[in-house]
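In the block that follows, a single chain appears as structure tokens, in the form predicted on its own.
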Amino acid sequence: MATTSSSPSMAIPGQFLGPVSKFQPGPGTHIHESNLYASLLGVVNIAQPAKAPGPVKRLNKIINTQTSPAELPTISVLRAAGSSDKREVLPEVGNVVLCRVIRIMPRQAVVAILICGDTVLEAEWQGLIRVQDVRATEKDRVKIYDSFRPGDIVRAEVISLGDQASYYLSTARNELGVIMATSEAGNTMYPVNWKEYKDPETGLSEPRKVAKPY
């Protein structure tokens, strides 16, 4: 019951987990176009099937049978279990976090921090991505609305503990930015370059500050 190197240890809603040819769907997952995706935020768990009898040996001949779905490992996404004696993890300066955009304003995006490192936070902490912290170059040309939209999942770095209400976050590095976005039509989009996502259904593109593929 462990994750493999080819699958993530944590998952966010809509995150690709693997093809149905390699995994059976478990709780917290759904299938779309022969691929498995996470349905909730949590820990990825892979349960190996019970070992079936191996190939039948007859002298020098080995008879193999096709792999049935029951012989595939089951992948699930489980909500992180909290306990009363578990110490809450607080984001610190330098931590890379995953967050969801709650709302945008002319000079900043307000986000809810969901994951810090590999830890799902028991409480959602509020963060701010200010216009000057969106990218490293041409800061005077940055527009928040062209960088983020409500509902986007963003990878960011904590750069300051900020004020009492919010952490200050940055997406200025190439590997930071939007990692998952939904189009205005409600479809999951894919990145086409560092500043654009595309809706596979409508073919329309929308601007974003895109994280370098990971």
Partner chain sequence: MSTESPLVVLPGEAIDPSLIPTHKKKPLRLGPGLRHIPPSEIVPTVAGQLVVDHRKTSMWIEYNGGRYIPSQGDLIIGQIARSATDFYYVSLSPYTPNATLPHLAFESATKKTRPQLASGDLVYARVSLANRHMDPELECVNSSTGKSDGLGPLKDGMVFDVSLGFARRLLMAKSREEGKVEVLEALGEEGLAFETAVGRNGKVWVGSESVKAVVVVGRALRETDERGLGVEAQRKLVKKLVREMR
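Values in this document were obtained by computation on a predicted structure and should not be read as measured data. Residue numbers count along the first chain shown, from 1.
Absent from the display: the form predicted together with its partner chain. The rest refers to it.
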- Query: Heavy atom within 4.5 Å of its partner chain in the model of the complex: which of Val142, Leu72, Leu114, Ile104?
  - Reply: Ile104
- Task: Using heavy atoms only and a 4.5 Å cut-off, determine which of Asn193, Thr202, Ser21, Ser9 is in contact with its partner chain in the model of the complex.
- Result: Thr202
- Query: Is Arg155 one of the residues lying within 4.5 Å of its partner chain in the model of the complex, judged by heavy atom distances?
  - Reply: no
- So in the model of the complex, does any heavy atom of Glu175 sit within 4.5 Å of its partner chain? no
- According to a 4.5 angstroms non-hydrogen atom cut-off, is Pro150 in contact with its partner chain in the model of the complex? yes
- So, in the model of the complex, is Asp163 in contact with its partner chain at a 4.5 angstroms heavy atom limit? no
- Per contact check vs its partner chain in the model of the complex (non-hydrogen atom within 4.5 angstroms), the hit among 92-100, 106-114, 121-129, 134-142 is 106-114
- Residues in 154-185 with any heavy atom within 4.5 Å of its partner chain in the model of the complex: Glu184
